[in-house]
Structure formats: C-alpha cells, structure tokens
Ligand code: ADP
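Below you'll find only one chain, the form predicted on its own, shown as structure tokens.
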C-alpha cells in the first residue's frame, strides 16, 4: 500500500498540473490523503425519479429522466444564457446555463436519454433548473446512487469545471487506486471497546454512503478520531511537562497575605473567590508548576484573587508579575493594586514600552536586587533585558492576547518555572476550554460581589430614539456617564450602518451641553489612551466608540451602554461590551438598538442577551449559534486546528468521552512504550508533521 500522505494529487486521474494548482490554492489539498479527508458538507437522496408534472418551484433537489427537445441562446454579453427544453412526456422544463456555453453546445445531443439532477425554480411562469448535473441515462442505476455527496467548492474552481460532481469523481478515482484496505489509525483496543467502524469503511461511507445508518456510523468514527488525537496531544504534553518541570513549593501563607486579609480587604470574599483561592493555594503548595485558567465574568473580582495569589509568592520569598495586553489596562491594574495594598510595605512598579530612561533603569535594577516585589506590565516584561532575582508567580490578563510561546518565555525568567495564572473575562464553554486550554486547570468565579446590581438589558428598535435619548439625559443629569458603541468607522457602501463619524456628529448635536469623547481602532495609541483617560477622569460624559473598548477599562460611574446595530455583533462580544457598565453600585442599563428587519437567529441572540447575564450561558449559546471558528469575534478564533468534521459546540459529549479515553491511555502508558499503543503514538507523530499547528494547541 503506497503512502497516501506523500502521493501528489496532480498524478491522480482527472487532475493534472493546472487543476492541482487550483486544489492546492483554493482548498489546501496537496496529497491523496488530503482529498480523502475533504468531506462532503451534505448528501442528497438520488434514489428516486420524478415526473415533470409532479414538480413545482418549492421542491429541494429533484431527478428527472427524459430528452432535450431543442436548444436556444438568449440575451447579450453577460446576460447571455443557454436554454435547453427538456421533456419526459409529462411536461417540459428549461435547463439553463450562464457559463461554459461554448463547451456545452457540443456536449449534449437532442433526442438522447439523459438523467437531469438539480434544484427547480420558477421564472416567468416556467420551471427552470439552473446548471444541472446531466448524465447519460444508461450510466445510472437508481438504487446504487442512494445518497449523493456534495462538496464545497469556490467560484474559481467552478470556472475550471471543478464543481461538486467533479470532486466526487476525483474521490472515486482515488479509491480506485487503493489496493486493499486503508491501514487503521486507532489501536484495536480503542476500536473494539468503542464499537467503531474501521477507518477504511468510514472513509468510503463518508464519501459514498451505502445507507443513512452507515453514514451516521462513519461520521461518528471520524469525529471520534479527530477529537481523540487533539486531546491525546494536549494531555501527553501536559503530563510530560508535569514530569519534567518541578514547580516551586510555596508551603507557607505568611505575614503579607494575612495582614492584607485582616486589614486591607475592601469587602468580604464571595464563596466563589474563596473556593478559587483554595484551589490556587493547593496548586502552589503541591511542588508541581501551577498552570491555571481563571475564568470570571467582568466585575467578578478576578484581580483581587490574582493579587492574593501573588502575595503568597511574596510570603515565600519570591517576586510576582502581572501582564496585561494594553498600556491603559496595565496602568489600571497598577492603580488598583496600589490602592488595595495601601499602607503595606510592598513595592509595586509599572513597566511598559513608554517607560524610558532613568525610570526604566531604576525598575530593571530593582527587579534584579529583589527590592521590587510586584511588577505590573505589558509585553515589555517579556523583553530579554528584563531579569528578576526570583520570579515565582506570573498572572496573565486576557489570555487570548498572549500565545503559548509567550507563556514559555516567562517560564525562562527563573531557573525553576514560576506558577502561572491566566485570567480571562471571556467565559469559555467547558468544551472549548478543554480544547483551547487543555493544558490548563480551570477555575471559575461564578458569583458577583455583594452590592452589585445585575445590569438591565433592553432591546429597542431604532425608531424609538426620542425615548432612548430622554433616558440617557436623565442618567447624565444624575451625574452618570454613557457609552455609545458603533460597529464600523468609515461608511461602507454596502452596509447602511450608522458609522462612528456620523454618530459622533449626531450625538454632539443631540447633547449640546455634554462633552463627548471619541475612540476607534485607527487612532494612534497615545490619542486613544488620552481620550479614554478623559472619560475615566469624568471630563467627558459620553464616550462614542467602536468595539476597542470591549477589553478592560474600568469606569464605575458609567451606567449606560448603548449598542447601535446590535444585530451586527456576536453574543460574546455583546456580553463583553455590556460588562463595561455595572461596575458601581448604581443600577446600570445596556440598550441594544436594531432595525425591525432581523433574521430568526439574530432575534434569538438578542433574546438571550435580554434574558440572562450569565456569561457561561451566553458563551454556550454563542458556540451553538456560530460555531467555534469565530467565537467571540476576537483572537479566540486562533483555534490552531481546522476541525474537518467534528463540531465543538454539538459534539461536547463526545469530546468529554474521548478526553477520558486519552487520559486513561496516558495514565497507564506514560512513556508510550506499550506495543498495543504504538499505532496511536505513530499517528500522533504523523499529525504533528502535517500542516496542523499542533504545537499551538496547548
């Protein structure tokens, strides 16, 4: 059996160099293996023939058998189309082509029997089938056609004749080349214990299903394998790291922590905060390096938990460091932590790209001597010039801005890698967390501190502006501040979006007595920070912005968040934006403004926002509605692997199941030396060599 992964697709019958280039560029298909793993996105039942007198324009795909009576071309230039009048004796339909007319005229003959397949529509009172599949009637035996696969293709491919039907033929040619069955990629034990179809049978049935039942089993087998290897890779990496890296052992909780707890704690800890601190203490005292993801909604008190964890490091004679993705956020953490530690003998400094000259030298020196106990900073902390005397604890805020490579850089800042706590205000559904951060243990703060009122969310149509603005005026008169968020900056002809520039002018005219800030992504960082700062200081009452404000700034006095064209935002993004208000004790409001014309899915999204403030519920719903590819509309879409068939939202239970199987295998065979698992480690190696960036999955 030749190796499918190295057999170039251009040598497959029906491909050749030109088509191969297209398949490489458009679909990333380079080898026969790539082609066999390019799965259909749907199947259409072709086991039945219809009569023309039975069909109407509302039916899905249909199949007809008959003859072409005549051809005619109509229209000029780009409007030119070829029409074939096709009949089966019970009526006539028009087959229509807009492209490839020259090629088609000679290809099909009148008065010969064909089977036509396509989707019927009604145009000018006649039934049309545009760009149908046509095969000679003698080639078709109905029962064997069964479910026909449909493959996604691109416009460029279609122009070169590489439509779904052509891909189907290429897959058929690839199977015809195989002598014997495809070698198994899972161990006999895994296949037997989980009642899985063999790989050979699964791949054949995913492309050419012999029955709906076999198709279902083939899909299950291939999803199982895809998710299983992702988990096996993550868990093996985690176990390896736990074996190689001994962690620092912080056994004592001492004076600094206790002083803070008894004298400086601003309010009583919630049950969730206590639970998370316990989990962190246990990790830090275990002698293993901690790698924990701390999830908590905006305002749930993550910073306080992070600070108390850092104080444990200080009590054990080590330094701590906290990294944030932007300068404004780092500065905010610095201020918060200094206030929390007020009156205590703990030296905290701030290091950012903008800290230069003498001040910078002073900080670098203080880190080396150990005088600086807590360093807050941006990416600047990762620079090679920054050395600590003994770094024991690192907190990273807003995980999706820092990759694994950057986490690894921090580990090297100490001879023994420091403990790592990653904080995110983006609630990540469990299933996705197991995949994106499979190497991190997860802690969740799932209750808000006392005294916080839940934000009220209201959906309003944009023709009710008068009452909307009256509500905003009332809040401003009471001394509060307001955010107004727009989806785009510049006018886009295609979308009639109230863009930011227009919105800014409109708001200034509507509220002549108010000062208005404006912030968007194309401003220089310094300008942006200055505008943000004016709002933070209360110099402006209204902040007109794009989504750049979704991460981070804390303005307790802001009580209203208006989101224009809310239908253009994803659920998690709406939730992040909503979290900018409700920071103080006052009742806060989030108003989602949309037009009347909304799709069913958009209505559902907005309903979920109005009904719940629970970030996890929202993230689960978002994952189901939009899939993981564009989760949150942020860099979270850095899912480092393309799932070819599994869907993290819908296959959550299967993901959990395969994770347990992978975990058992690694526990029993940590060094990968059992002969029965040899096939698993070999396949993992193969997958790491392909163009999946497996190193980033951790």
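Remember, it's a predicted structure, so these values are computed and weren't measured experimentally. Numbering follows the first chain given and starts at 1.
There is another form of this protein, the form predicted in complex with adenosine-5'-diphosphate (ADP), and it is not shown here; the text below is about that form.
The three residues 221, 226 and 657 each lack any heavy atom within 4.5 Å of adenosine-5'-diphosphate (ADP) in the predicted complex. Put simply, residue 120 is far from adenosine-5'-diphosphate (ADP) in the predicted complex: not one heavy atom of it is within 4.5 Å.
Using a 4.5 angstroms threshold between heavy atoms, residue 450 counts as touching adenosine-5'-diphosphate (ADP) in the predicted complex. Residue contact with adenosine-5'-diphosphate (ADP) in the predicted complex: residue 74 places no heavy atom within 4.5 Å of it. Although the partner is absent from this view, residue 461 stays clear of adenosine-5'-diphosphate (ADP) in the predicted complex, with no non-hydrogen atom inside 4.5 angstroms. A heavy atom within 4.5 Å of adenosine-5'-diphosphate (ADP) in the predicted complex is found for one listed residue only; from 268, 176, 526, 610, this is 268. Scanning 205, 588, 273, 594 against adenosine-5'-diphosphate (ADP) in the predicted complex with a 4.5 Å heavy atom cut-off leaves one residue, 273.
Of the candidate stretches 302-310, 77-85, 253-261, 505-513, only 302-310 has residues whose heavy atoms lie within 4.5 Å of adenosine-5'-diphosphate (ADP) in the predicted complex. In this stretch, 574-588, the one residue having a heavy atom within 4.5 Å of adenosine-5'-diphosphate (ADP) in the predicted complex is 583; the partner itself is omitted from this view.
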